[in-house]
Structure formats: structure tokens, C-alpha cells
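Consider the single chain below, provided in C-alpha cells and representing the form predicted alone.
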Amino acid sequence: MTRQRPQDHPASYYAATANDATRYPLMKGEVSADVCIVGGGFSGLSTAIFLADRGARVVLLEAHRIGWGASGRNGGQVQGGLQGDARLAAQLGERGKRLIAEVWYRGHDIIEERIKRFAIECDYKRGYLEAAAKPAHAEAQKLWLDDFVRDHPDHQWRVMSKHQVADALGTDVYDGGLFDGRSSHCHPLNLCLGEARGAASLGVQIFEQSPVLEIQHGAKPVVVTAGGRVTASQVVLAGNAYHHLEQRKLSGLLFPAGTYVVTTEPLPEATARRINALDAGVSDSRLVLDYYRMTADHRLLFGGLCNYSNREPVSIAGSLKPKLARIWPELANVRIDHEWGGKIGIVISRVPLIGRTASNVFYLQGYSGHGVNVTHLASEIVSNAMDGRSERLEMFERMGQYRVPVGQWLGNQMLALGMAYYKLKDMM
């Protein structure tokens, strides 16, 4: 098992293989800026790059380390689309459908441009497979693709039969699947650290270990930390599951859910090819799903156990390894070298929360498991709105979101109870 150093990234495979050890200073004293961004994950860093490219003076405050939260701990899947797309289309009609079609791979475009521009080494590879957990799911996938093709004539999806999926994944537990050649997977912490380098090269002032205590509203809001204050014309809240600011406007909308990951010891190259011949990111088709992929050094990275009640598993490896062995019995005795978990932000509607708490305070959060792609898309929507191009942001603001009028703990238990129903359906 990896060990965590004080005030460092949580122990994980990603932390153990990070390729940038840059540390940014603590926030001290008085600083002025055009924009102050709260949160040093994908949402905050991507927004910072967009704004710095337009000449803004940007200060970014991170409570821990860059990529400390979900941006640096997730499964590395970069899937197309956004969660809650059906609800978005239902509420916004044709405008919503056009928005979904236009932005489906926009996050991928932004990420790939940044990787090239800033020479980011993050093991980025195209290819994603959704494996059908049941025959009914395989039929539903085909119907979904027929509908998807009408709005995406240049798509790179294809239906895979049960036999083709078995050949691709070295297991016969699935009943077919859908392969997307445009979606991808990567080492998310190295991508995040690379974007931080890129932002800093554009003049963004980044401060770590600088949690925000409050925001004092006004024509020029003041963002207060223990060590100093940032006065800015505009503020962006990009903390997702880990921030608790602006609760009067945002409470009851987003709930943190635990998700957990392991990586095995390095596997023989032949084994790695056999259990993921496409070298793709993979997830199954259940609502409460498992996901996995191969790392650059031939480890199997396997995740799941999404936990809405926030009860931590006694043993992450002990809980996930039987799931892994059910798919590949020959890996039952494989050694687990890394195990970790973290929080993602869940919205009941699954539609991301993108909007304003005041005319000069913006927020983006609640990606419900599609964060790597959608953070980058949302950052463009917010940065455009800050420049006066707010049509897309206003579409998200018009979404009727569910607000749970109870405390977060009770809200999480209610959400867990609802998800237990879907888990039962998955097993039937």
C-alpha cells in the first residue's frame, strides 16, 4: 500500500505515478484580480486557462493540493455527453436537444487541445466500451444508438455482439456492448497537474493549502482565506463535492457520494492484452456500475462501489476484488498494490449545476460521474458567460433542479435509499 505524506495528495496509484511535484505557495496578504477562482481541480483550472487566454488577471485558490479532489482520484474515463441529458432535452425541448448534440464531445476537444498545447503527458488514449450487463441492456443500447445517430452523423460508435465483447475483454459475463472510438481515458492527476502548469505559464496566480472561509459580496467581492484576501470583479466557485460556500443558494442541490478504486500489480503484457484487447476505458451498463481500464504500466485499474450514504467500506480491496474476480476468475489471486476512494458530486436530476449565485459570482459543479469531460465543457460555458455570452449558462439556470430541504446527512440517506431500489433492479 502507498503511504500518504502530510498535506499531500491522498495515497493512490495516481499520486504514486504523478509526473509533476510542483508546489504552489499559500495565500498571504492582500491581492487584487479580475477573477478569483475557488477550487484547483479541472473546473477551476480549465476556467482559469480560458480567462487568462482572454487577458484576465486570475487568482486560483485551492484548499489542499492541485488535483486533490475528484479530479485527481477518478477512474480516468473521459466519456462523451453529460449526465441528465434526457431530462435536459425534456425540459428545454429542441434547444436542449441541439445543446446536447453540440457539446457531446466538446470537453474532449478542449482536453486534447490542452494536452498538445502544454505538452501534457497523461497517458491519454481514445476508446470506450459500455458492456451490456443483461440481454435487455444490449437491446436498449441498439435502440439508443439508432436515435443518437440522427443527431450525430459523424459518430464513432458501433454495436458489439456478445462474442465480440468476450473477445475484447477476455470474459463471457457480458451480453454485448457499444464501442465509442471518440471517448477516451487518461491519468487524470497528471492531466490536472499539466493544466495547472499551463495556467501558471499564462500568468494565473495559484495558491495551495489556502481554504476559503467566506465570500463578502459586493461590486467587487472579497474572497477571504485564513492568510489573506482576494478582491476581484468576479468569483468562480469550482469546488464541486468539497466546498460548502454560498449555502443559501446552493444547499440541498448537490450530495457527495463515495466511489472507490484499486489497481493490481503489473500484469504480464499478454494478460493485459487478453482482458482489454481494445485498450479502452470500460464500464458496464448498470446504473450502479463497475468501471475499469489498463494503465500505461499494464495494471488493471478497477473501480465501483458508488456509495450514496457515505459509509466507508471496511476494506476497499476486500470489497472490489471479488467483483474483479467474478469477471476474470483467473485474477482472483492477483495482488492489489493501490486502493483509494473519494467523493464525487451527485445531483438528483443528474444535470450539472451551472449558474450564478449573484451577478458576479458563478458556480459549476455536480457532474454525477462524468466529470473529466463535463468540467471542461462547463468551464467554457462559465467563462463565456463572464464575457457576456450567457445563452448556454442561462439554459442550465432554467433547469428545474430538485432541492432536498433537509440537512446533507439526511439528504444522503434519502438518496442512498432511492439508489438501493436501482441496485435491486440491476440484480434482477
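Quick note: we count residues from 1 along the sequence shown, nothing fancier. What you are looking at is a predicted structure, and each value in this text was computed from that prediction instead of being measured.
The discussion below concerns the form predicted in complex with a small molecule, not included here.
Shown without its partner, this chain lists A168, V351, L193, V212 as candidates; in the predicted complex, only V212 has a non-hydrogen atom within 4.5 angstroms of the small molecule. Comparing 89 to 97, 328 to 336, 135 to 143, 242 to 250 against the small molecule in the predicted complex, the single stretch with non-hydrogen atoms within 4.5 angstroms of it is 242 to 250.
When the small molecule is considered in the predicted complex, R73 lines it closely, a heavy atom lying within 4.5 Å.
When the small molecule is considered in the predicted complex, V261 lines it closely, a heavy atom lying within 4.5 Å. When contacts are judged by a 4.5 Å heavy atom cut-off, Y291 counts as touching the small molecule in the predicted complex.
Of the heavy atoms in V372, some are within 4.5 Å of the small molecule in the predicted complex. Against the small molecule in the predicted complex, the set T47, G355 and F362 makes no contact: no member has a heavy atom within 4.5 Å.
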